[in-house]
Structure formats: structure tokens, C-alpha cells
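So this first bit is one chain, no partners, the form predicted on its own, shown in C-alpha cells.
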Amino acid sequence: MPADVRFGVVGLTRGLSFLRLCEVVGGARVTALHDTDEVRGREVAAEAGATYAPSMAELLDSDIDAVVIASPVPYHSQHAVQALAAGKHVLSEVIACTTLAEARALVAAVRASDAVYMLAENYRYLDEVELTRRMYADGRFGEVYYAEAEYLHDCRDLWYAEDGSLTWRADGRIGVYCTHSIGPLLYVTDDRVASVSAVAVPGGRFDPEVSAPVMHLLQLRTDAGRTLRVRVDHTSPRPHQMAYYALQGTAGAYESWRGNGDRGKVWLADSHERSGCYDAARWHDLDDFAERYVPERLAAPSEAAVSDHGTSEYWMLPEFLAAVRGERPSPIDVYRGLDYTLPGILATESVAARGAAVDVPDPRGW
């Protein structure tokens, strides 16, 4: 394999930032692009010194080693299966797939290919998530028995195409977009969701033509017996909060920022005042622990914040490149990627069953 991993990018609305990311991280370059908007695709390719591929098949026939799948969500699994069949490594945007049938096809494609698959769940690479993970691994929270996450993002502007027609975001066909919430919780606790029960606020409140629910509320039970709560809301008019997390353990608690100047915060039994009925504990800055647990994050260069998600993709891409070079396993392989994705697919079944719990299969056993 050449010194630089040669990437083909599918979908420029999301994938365009990958061009800048490769320049900053190094060891990778984009050599081919495909987008259904041919005019824009050719313009971007010319500026990037890359080749424009008019179709997915032509992209896969080009001189590339790996594919970044940044196409609309309904096409993620289809494009991943095609790339794997062509022997191309895959870095797929979330979510991995939208149905159980797609999930099974994706697993089969990975098993039949020698190429690397990784789900690009960049929220797992947020600095605060990594700090919390390392503190959890050090036992600072004791036994964590409850965790929660919220992804609140007013995306109504993305419901409509330029001609006024509804996009895929408005029709509810992708299940619950929950990997940004569930992924970090499972990464921190090294757990897997065993069952999900969910309720939804029906759609149509802001546009009667939009069938997608206003929000979903998921209650999850894990293999380790933990209870997780996840709220996903892409509709409500409100300030964004797309990365809220909380942990509750026997020896500590954590909550991320909420906005209006708030900061990530912790209370730890081994470092702070007693928690009791009459001597109430108080929150302390999470950042106080950053120098001890994530010093390399504090030393990150300014250009690390190259993407729309802070430094997360700056830390994510090198791990994928290392997997492609055979230096380590894929950090979010197809099984872990489906651990993050399947609860959102099965949540729709639970909603249809009025909140009844639905088992989440372990794809390792397929």
C-alpha cells in the first residue's frame, strides 16, 4: 500500500470536511469523489486535485484504497456493502444501516471481505467522552448503574430540498438516529444494549406532511444490568444540545454542560465533600481532571479542530488509518457499529408496541 491511504469520498454535503481533515492529520489524501450533483462534484474535485467519478461503480474502479461513505443515511449500508465487495476499506458515517436486513447484509459483507470496516461515530472521540472513559476505567465513579444522553438538534431546515420537496430526513424511514448518544455511553462503560423500550411524540406538529416523530425517548437495559435513558429530538425549536451525557455510580456522578456558560462537572466520593441528606454535595469542574487523564488532548494543535465536531475527527481518523495499515483492529468494527445502531432500529418496533421492551440481537452471533 502507498505511504498515503488514498480515499474516495461519497457525498460532499457531509464529506467535504474530510478533505481538510486529511491535510491536517496526514497519511491520507482524497484522490476521487462522487456526488449526485455532478456540477458541484467536478468543481470540488478540480479544486482538490482529485478525480470526479460519475457513479459509485466508477469510484470503486478508481485507484483508491478506502471509501468514506458520507452519502445520505438511507444509502450507508448499500454503499458499504458495494465498497467491501470491491475490496475497499470503509469508513462509514452514522448510522450504519436502517433495517435489520441491512444489518445482516453488512455483517455478511464484512465477513466476506479482507477490507477494514469502521463506523465513523465521531462523538465517541469527543474530548469530554474520552476523559470520562478514562476516569471510569480508573474506578472514580465506582459501579456505574445508570447513564443518560440527549441529542437535541433543530433540523427542520433540512426537511426540504431546493424545490420544496421533502428529503429523507422528514419521512421517518431511518429509525432513531441515536448513535451519537448510545455510542459514547457504551464506549465509556464497555457495555452492550440488550433491550430497548421506547415512546415517541408523533410528527405533524410543525408540518402536516412530515411523518417523522418529533422526538423519541428510549429506555435501555444493558448486558451488565445498567439502565440507560436516551432522548433524541431533531425537531423542537430550542438551543442545540447534541452532546449531553451523564453517569451515576456508587462513588461518583458526572453531567456534561447544558449551555448558558455551564461546564462539564463531576462529584467524586474520593476527592470531594460528603454526599448526604444534610450535608449536600456540590459539583466540581470536570476540566480539573483533564491534565491527569487526557494530557494529549490539552496539547492538541489548534488545527486539530478542523471539522464541525471539534477535535473528534482529528483523533478518529488516525485510528482508522492504523487499522487499514494492519497495526490495530478497527476500533468501531461492524459489530460495535451495530451495537450503536441496532437499538435505534428496534426502538421503532417498541414504539409500535406501545413501549414494550424489544430484545436487541448481538450481531456477533449471526
Ligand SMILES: NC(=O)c1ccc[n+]([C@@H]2O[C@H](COP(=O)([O-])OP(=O)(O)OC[C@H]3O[C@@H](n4cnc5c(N)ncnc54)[C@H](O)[C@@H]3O)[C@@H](O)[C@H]2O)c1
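Quantities reported herein were computed from a predicted structural model and do not represent experimental measurements. Throughout, we count residues from 1 along the sequence that is shown.
Below, we turn to the form predicted in complex with this ligand, even though it does not appear here.
Three-residue candidate spot Asp35, Arg40 and Glu93; every residue lies within 4.5 angstroms of this ligand in the predicted complex by at least one non-hydrogen atom. The chain is drawn here without this ligand; in the predicted complex, the stretch among 74 to 82, 287 to 295, 266 to 274, 137 to 145 whose residues come within 4.5 Å of it by any heavy atom is 74 to 82.
This ligand is not shown here, and in the predicted complex it never comes within 4.5 Å of any heavy atom of Arg29.
Proximity of Ala70 to this ligand in the predicted complex: non-hydrogen atoms within 4.5 Å are present. Using a 4.5 angstroms limit between non-hydrogen atoms, His89 is distant from this ligand in the predicted complex.
Mapping the unseen interface onto this chain, Leu12 counts among the residues with a heavy atom inside 4.5 Å of this ligand in the predicted complex. Checked against this ligand in the predicted complex, the candidates Arg192, Arg231, Arg169, Arg104 yield a single residue with a heavy atom inside 4.5 Å, and that residue is Arg169. Residue-level contacts in the predicted complex: of Tyr123, Tyr245, Tyr187, Tyr117, one residue has a heavy atom within 4.5 Å of this ligand, and it is Tyr123. Residues from 293 to 309 that approach this ligand in the predicted complex with a non-hydrogen atom within 4.5 Å are limited to His309.
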